[in-house]
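Shown below, as structure tokens, is a lone chain in the form predicted on its own; questions about how it binds or moves come after it.
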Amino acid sequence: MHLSTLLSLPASLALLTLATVYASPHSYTEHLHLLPLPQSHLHAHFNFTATTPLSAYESSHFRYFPRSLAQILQHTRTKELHLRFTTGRWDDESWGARPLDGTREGGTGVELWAWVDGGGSKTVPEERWSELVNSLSGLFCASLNFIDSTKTVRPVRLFEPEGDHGSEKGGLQLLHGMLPHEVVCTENLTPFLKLLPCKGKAGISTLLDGHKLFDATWQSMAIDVRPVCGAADGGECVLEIQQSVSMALSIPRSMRDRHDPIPRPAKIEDVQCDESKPWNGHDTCFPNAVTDEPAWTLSKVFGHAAKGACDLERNDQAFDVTLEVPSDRPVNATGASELTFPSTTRRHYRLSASSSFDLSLPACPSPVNPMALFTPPLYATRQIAGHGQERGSMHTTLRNPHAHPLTLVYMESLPWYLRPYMHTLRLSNGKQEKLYYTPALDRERGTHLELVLTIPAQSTTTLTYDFEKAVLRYTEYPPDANRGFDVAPAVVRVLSEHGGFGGSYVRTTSLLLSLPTPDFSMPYNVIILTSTVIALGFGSLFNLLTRSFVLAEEVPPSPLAGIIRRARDAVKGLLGKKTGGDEKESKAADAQAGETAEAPSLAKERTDGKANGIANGHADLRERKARVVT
């Protein structure tokens, strides 16, 4: 597939937008660009552009421009805004260059940068920036309020204003923040659609379904607000907002039945096996690479067809959908009229306001007119190396695939708990032109590292440095502390060959940093043990101080105990009257039997007594004789 024409899409959209702007200051246009990609993927780019005169904006008069966003920009004195919601990864090795030169995409998660009127102060921009992120957080149902001073940097060479600010440009200050851990989902898409004039009820915005969008391999939602002024004719300046959604969909995955979304393996007889492999057999298959383009329809890929057109001040030559396929590939379009332009690979369609629009493309065994992929301007990868919980190293690889050297701006925004050692910064096979560095302050400010580099032609440059991991307080760890901490991706801007700004952007993937994590069960054990000791000690001491100890004899009898005792005695008395006569007879019989039994024993005792007396008498006599002899 040819992606070079995709890069010229902003120019065509700009011409279409400018033609509408000068016809009417209040304007609205929308456009969908479809491009099949290798590996059975489809790239879809939705663009919605609305403008309003600056005079109407300052007087709070809006027609197509969203009022909710305009009020936030007016309150925070924001002159230019760029907001990104991105998930997934663009496979530049297989799909070629990034759409729109990477100008309408951001890093993983949420990325925001804006030019704020500083008013000649250093603290006022930070206060307005804080109000801006908090307001946008509520508007888009995102965690933008977590972009505080520790996640905010001030880039020097990475970004340039896209709008025409005139004499106000000198007083504007750029602030940039990223949230790599933010999960983009449907609750962010709904406020995005509410900013559109048709609210996602008509036009190409009806194709934006959350189930399909967030199931894509890669997707990015962008909002760009900038002032645009006329050329030399002195036309009126307008405030332009561009809302865009760009995604790379897997066609087989998107066309899966919604009622049975579980992926199931294909049957062995439906898989094309590579029979040249030695392990190929009747039960073993090594699949061939899929080179055929599958059949697909717009309604099955996005869940339903486009419902009519959002017909707001369109001119006769405006088109809503562009399909980029070879001219000899059959295409069946319903609910739209095809416009003819001098192009061999693009087909333009104008939607009908009263019928649904759908596209149908049959399977293509192999590209009829194969075209080479457009080579990306730069390949960039970034990894964390090292072992242990104390130190590590950062490795960034930049590869220039072109036959001429590249000049680029490389920026990293590091959290404060990742402390780089700048004396270990090493650049191999490249030249460092300039360095902008702002050190971090614990819990107050992150690290800002920005370099201007030159990479030789068809070579690879490696940027490395060592860093130290900080130890956090136990209250600063998130609930999933053992997962790690997200590090924002690096942003690379490739400058034009003449050294000026206006090149393409490349962003690396976000990283996962493992910090020293304490055993969070120990605080629980300490709390339980401490509470037990305190309870025992305090309880004993409290008893000694508040209780009075007396003898049991000193305790007065309880009235209830006296009542119980009297009741018991009364019951015994009643029982004693009934059994009194029987007890007397039994006592007399026992006494008579006792006297009879005692007679022999008394006689025996008398006999034993006499014997003992005689024995005692003889003993006394012997004792007296012994005394006389002595």
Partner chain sequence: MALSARLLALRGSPFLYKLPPYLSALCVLVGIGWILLLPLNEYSRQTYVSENAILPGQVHTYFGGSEHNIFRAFRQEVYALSQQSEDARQAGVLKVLADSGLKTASQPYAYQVAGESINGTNVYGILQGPRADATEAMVLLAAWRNFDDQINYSGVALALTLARYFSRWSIWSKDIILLIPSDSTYGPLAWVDAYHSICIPPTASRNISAVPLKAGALQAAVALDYPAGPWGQRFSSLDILYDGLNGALPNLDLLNTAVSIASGQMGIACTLHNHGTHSDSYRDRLSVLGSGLATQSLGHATGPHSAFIPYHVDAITLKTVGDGWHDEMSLGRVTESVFRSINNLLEHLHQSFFFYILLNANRFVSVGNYLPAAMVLAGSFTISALGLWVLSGRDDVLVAPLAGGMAKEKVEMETVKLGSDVALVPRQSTRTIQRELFVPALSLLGVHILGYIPLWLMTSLSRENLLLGLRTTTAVTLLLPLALAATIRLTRSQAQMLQSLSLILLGALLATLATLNFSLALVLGVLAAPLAFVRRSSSALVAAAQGILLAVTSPPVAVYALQRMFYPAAGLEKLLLELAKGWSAQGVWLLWVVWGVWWPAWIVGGVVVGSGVMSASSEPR
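The structure presented is a predicted model; accordingly, all values stated were derived computationally and were not measured. Rigid core: the largest C-alpha set superposing within 1.5 Å between the two forms. Numbering follows the first chain given and starts at 1.
Here the subject shifts to the form predicted together with the partner chain, a form of this protein not shown in this document.
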{"item": "T190, K201 and F319 all contacting the partner chain in the predicted complex, non-hydrogen atom within 4.5 Å", "value": "no"}
{"item": "Interface residue in the predicted complex among E324, D486, D117, E162, criterion: non-hydrogen atom within 4.5 angstroms of the partner chain", "value": "D486"}
{"item": "Of K169, K194, H75, R89, the one that lies within 4.5 Å of the partner chain in the predicted complex (heavy atoms)", "value": "R89"}
{"item": "4.5 Å heavy atom contact, A481 and the partner chain in the predicted complex", "value": "yes"}
{"item": "4.5 Å heavy atom contact, E93 to the partner chain in the predicted complex", "value": "yes"}
{"item": "Contact flag, F286 vs the partner chain in the predicted complex, heavy atom cut 4.5 Å", "value": "yes"}
{"item": "Interface membership of E468, the partner chain in the predicted complex, 4.5 Å heavy atom rule", "value": "no"}
{"item": "Candidate stretches 552-560, 414-422, 262-270, 151-159, one within 4.5 Å of the partner chain in the predicted complex by heavy atom", "value": "262-270"}
{"item": "Sequence-ordered list of residues in 393-423 near the partner chain in the predicted complex, where near means a heavy atom within 4.5 Å", "value": "S393, H395"}
{"item": "Threshold 2 Å Cα movement between this form and the one not shown for P330, core superposed", "value": "no"}
{"item": "CA of V124, rigid core aligned, shift of 2 Å or more between this form and the one not shown", "value": "no"}
{"item": "Large Cα move at V301 between this form and the one not shown, threshold 2 Å, rigid core", "value": "no"}
{"item": "Cα-Cα trend for N482 and N188, given that in the predicted complex the distance shifts by 3 Å or more", "value": "closer"}
